[in-house]
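Quick heads-up: it's one chain on its own, the form predicted alone, in structure tokens.
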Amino acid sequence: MIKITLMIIAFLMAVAVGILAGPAALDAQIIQLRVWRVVLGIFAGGVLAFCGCLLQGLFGNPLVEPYTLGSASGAALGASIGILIFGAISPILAFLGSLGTGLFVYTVARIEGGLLRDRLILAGVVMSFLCSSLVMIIMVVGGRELYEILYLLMGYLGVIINSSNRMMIIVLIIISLGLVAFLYRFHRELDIISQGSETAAGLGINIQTFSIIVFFSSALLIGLTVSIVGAIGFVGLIVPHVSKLLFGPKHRFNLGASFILGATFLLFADALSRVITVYELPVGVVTSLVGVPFFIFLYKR
């Protein structure tokens, strides 16, 4: 009930921010743009937090999330290549970028008998920096404006929804929500894996097959999300921990709660990004301001 109330407050705030700027702000078209912005915020925040909870349970590492694994930056790299080649973001290339980066990090961190958790984080952070640098190079060479690069690397919910892209975005959101529903069914397996790989194997879970399914599905989700709103960091890191504090360790509750809390957090962050300075900031700036101290706190623990 608490998370639903917070989400409603965040929804109203996200729509209302800017309405007091003048009568023109009450125009139906502006309200419609803000409603679409809220839809994108719920979608992106929910998916990123859901994937963060999923990956933390799969790898047994509280510091894992789409950004620290490099998947989000890899998706941004694929999206930038799509912009350079086709003049628009390609969801397929974003997915391939997310998948390729994630696979590389997974391969580097894997040793015989399991994963080195510290190596997983380090490889992911390094790849995230590398992909961000490549995005900058590709976009500059392609003659893109600086604000386009920043919005792709840091995320932006103010995407203009019109007749040319409305249907594609709706289809991508429906596919993503279908994947979320599919992955939610594995909450029991995640609870078992969190008890240890030996316990999971003894209870008949094929960890390798399960990891591949979750890994590919989450990479697709991250790629689809980044292809619409860009790479927004730290949502998948912060929210699952807050969810665990509020609702306990069971993934049956955590996955759903992470989705709702992630959507709420991103809506609040987006509203703040519109009022914190004269010019609107990429929403990833606000999530990073909250996420970096939280990351340091977790790492020290």
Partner chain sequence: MNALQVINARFHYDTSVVIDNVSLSLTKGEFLGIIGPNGAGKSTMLRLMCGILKPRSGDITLFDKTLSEQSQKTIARQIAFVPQETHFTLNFTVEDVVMLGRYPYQRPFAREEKKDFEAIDYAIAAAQVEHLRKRPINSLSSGERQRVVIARALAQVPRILLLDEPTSHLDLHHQYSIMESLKKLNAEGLTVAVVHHDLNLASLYCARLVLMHGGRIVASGTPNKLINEETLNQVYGAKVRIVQHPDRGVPQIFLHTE
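Remember, it's a predicted structure, so these values are computed and weren't measured experimentally. Numbering follows the first chain given and starts at 1.
We do not show the form predicted in complex with its partner chain, though everything after this point is about it.
Colleague: Taking I192, G202 and K250 as a possible spot, do all three reach its partner chain in the predicted bound form with a heavy atom inside 4.5 Å?
Modeller: Heavy-atom distance to its partner chain in the predicted bound form: all three under 4.5 Å.
Colleague: If you check R144, R119, R166, R188 against its partner chain in the predicted bound form, which one has a heavy atom within 4.5 Å?
Modeller: The option sitting close enough to the partner is R188.
Colleague: Looking at 152-160, 134-142, 94-102, 203-211, which stretch has residues with any non-hydrogen atom within 4.5 Å of its partner chain in the predicted bound form?
Modeller: One stretch meets the cut-off, namely 203-211.
Colleague: Evaluate F216 for contact with its partner chain in the predicted bound form, applying a 4.5 angstroms cut-off between non-hydrogen atoms, and reply yes or no.
Modeller: Because no heavy atom of F216 falls inside 4.5 Å of its partner chain in the predicted bound form, the answer is no.
Colleague: Under a 4.5 Å heavy atom criterion, is A181 part of the interface with its partner chain in the predicted bound form?
Modeller: Although its partner chain is absent here, A181 would touch it in the predicted bound form, with heavy atoms inside 4.5 Å.
Colleague: Answer for R34 alone: is it within 4.5 Å of its partner chain in the predicted bound form, judged on heavy atom distances?
Modeller: Taking the distances in the predicted bound form, the answer for R34 is no, it never comes within 4.5 Å of its partner chain.
Colleague: Check whether K244 has any heavy atom within 4.5 Å of a heavy atom of its partner chain in the predicted bound form, and answer yes or no.
Modeller: K244: contacts its partner chain in the predicted bound form.
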